[in-house]
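Okay, here we've got a single chain as structure tokens, the form predicted on its own, with questions on binding and movement later.
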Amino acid sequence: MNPERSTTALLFIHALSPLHAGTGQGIGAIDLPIAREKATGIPYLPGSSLKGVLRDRAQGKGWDKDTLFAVFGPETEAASEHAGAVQVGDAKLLLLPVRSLYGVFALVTSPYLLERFRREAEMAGLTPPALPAPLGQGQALVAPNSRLPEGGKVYLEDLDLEARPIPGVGEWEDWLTRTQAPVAGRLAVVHDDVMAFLLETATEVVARIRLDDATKTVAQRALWYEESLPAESVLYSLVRAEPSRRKEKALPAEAVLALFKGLLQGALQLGGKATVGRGLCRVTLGG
């Protein structure tokens, strides 16, 4: 496939309720942890999950078989016939909501998270602001009009960090309003090591039980702990569209992307635990 015939876009995923993209089982204190990248430990949502949900929505909207197979690929038993025309990458974390003593909560990121976001945004033809200046482990970069600092400090969970207001963070806040997340006045950039600590301690962990139908008490061995990304988390995913390979349905890459974009209207349910309200997300095309 000629790469010049393809087109690339960036999706923003804003979690409206806790997002549980699980691994199925855990080996630690959490029975159902979320999926994390092997090397970095950063939470992510598999691209296959997002693609599967959009395929289901396309079927619900009454797409004909040829259009559906051209965009998303044939059914599994006929997968060898041709590939689908759209490729959906894993959704990577950009902003993690963390409890703040002032401003209710902060949307926290780090130089590394911004750097790799910027790399993929540029692949989609976007131009995010420049990366902020280096900072120490005990500092937090905020916008000059941020609602987070008080007395020169930013308080995130049990951490108190020196607030460093800089215009560059304000530029990122303005740019990230396209995610439709409540970024204004709440963006905080912390050291990568502090971010790694928050990624382990600031996710949402809840205890779940199952009641015995007869006694209405907790059934034996029916207590478990499950982890989610908190509501207000922001992730992004790179999407690439190519011309259709299906003989019965010729579509240029631009038409494939337009069809894909039409599926993003309204909230999507991503990840597991849908019956208890997890995974309600707003997905928008960033460019």
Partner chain sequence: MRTRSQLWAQGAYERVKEAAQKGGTWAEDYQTMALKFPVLVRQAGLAQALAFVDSRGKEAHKRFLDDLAQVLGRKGGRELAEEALRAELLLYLRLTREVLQASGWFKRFAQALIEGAS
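Positions refer to the first chain, counted from 1. Source: prediction; values computed, not measured.
The following text describes the form predicted together with its partner chain, which does not appear among the structures shown.
Chemist: Looking at 219-227, 246-254, 232-240, 59-67, which one sits within 4.5 Å of its partner chain in the predicted bound form if you count heavy atoms only?
Modeler: Comparing against its partner chain in the predicted bound form, the contact stretch is 219-227.
Chemist: With a 4.5 Å heavy atom cut-off, would you call Thr179 a contact of its partner chain in the predicted bound form?
Modeler: Thr179: no, not in contact with its partner chain in the predicted bound form.
Chemist: Report whether the minimum heavy atom distance between Asp213 and its partner chain in the predicted bound form is within 4.5 Å.
Modeler: Outside the cut-off, so no.
Chemist: Answer for Glu77 alone: is it within 4.5 Å of its partner chain in the predicted bound form, judged on heavy atom distances?
Modeler: Although its partner chain is absent here, Glu77 would stay clear of it in the predicted bound form, with no heavy atoms inside 4.5 Å.
Chemist: For Ala258, is any heavy atom within 4.5 Å of its partner chain in the predicted bound form, or not?
Modeler: No, Ala258 sits far enough from its partner chain in the predicted bound form that none of its heavy atoms falls within 4.5 Å.
Chemist: Of the options Val194, Val98, Val88, Val183, which one has a non-hydrogen atom that comes within 4.5 Å of its partner chain in the predicted bound form?
Modeler: Of the listed residues, the single hit is Val194.
Chemist: Let me know the one among Leu159, Ala83, Ile166, Ala124 whose heavy atoms come within 4.5 Å of its partner chain in the predicted bound form, would you?
Modeler: Of Leu159, Ala83, Ile166, Ala124, the residue with a heavy atom within 4.5 Å of its partner chain in the predicted bound form is Leu159.
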